[in-house]
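Take a look at this one chain, the form predicted on its own, written out in structure tokens.
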């Protein structure tokens, strides 16, 4: 999967499927399942590091995890999140940090925001760094929103999001994530702009969907947003396996002769 091929899906009507991954093992599993695009999300701050939000994730951590994923990915398009304060200060700093993620193996970067980051998107794309935008509920602005809340529910805010989508497209973004926005608004944005929209909590009308891997596998259940559908319950399976292991060691049922060297 390449950036141009990713964009062509909008013309063909074939839905784009994106999943997050943060390490080599899960990257290989995701690729074996036929997933063609992987987001190295700053969501790792919550699901991997156990923090309450994504705001403490650093550039060094994103570079590290991007290198793990990109090193294991043979076919998938690898997109790396730009963490909080890696692009907000200046255009120069944004390009420099985006370049670090590309050098770590990503094919593209993702950043949050609309009109205020247009100059970043424009400059990055001019120097050959593909950029995915992110509108709606942008997790790096969680304190500004007062929590994780649906965005674009009233007319003025919906109009502003549509304008931001057009602005990102004109700045050169190759795709756009829409998070936690009403399905009708997501449909309107998808029909208005020529670049693919990737929904997460944005209804069925986007050009593709993305979910956090730990959510869809049922590994992370500290909180489960409405838009998450668990396709497995691996936490429950892991707990069962670990309890069996503990019981067998304590009861001297493991290891047996079969697990011993002679």
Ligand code: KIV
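Positions refer to the first chain, counted from 1. Every value quoted in this text rests on a predicted model; they were computed, and no experiment measured them.
We do not show the form predicted together with this ligand, though everything after this point is about it.
The listed set 206, 210, 30, 69 contains one residue whose heavy atoms approach this ligand in the model of the complex to within 4.5 Å, identified as 210.
The closest non-hydrogen atom of residue 39 lies within 4.5 Å of this ligand in the model of the complex. Interface residue remark: residue 120 is not counted as part of the site for this ligand in the model of the complex, having no heavy atom within 4.5 Å. Taking the partner from the other structure, this ligand in the model of the complex has a heavy atom within 4.5 Å of a heavy atom of residue 200. Of the heavy atoms in residue 177, some are within 4.5 Å of this ligand in the model of the complex. Residues placing heavy atoms within 4.5 Å of this ligand in the model of the complex fall in a single listed stretch, namely 41-49, out of 189-197, 232-240, 218-226, 41-49. Residues of 102-127 placing a heavy atom within 4.5 Å of this ligand in the model of the complex: 110 alone.
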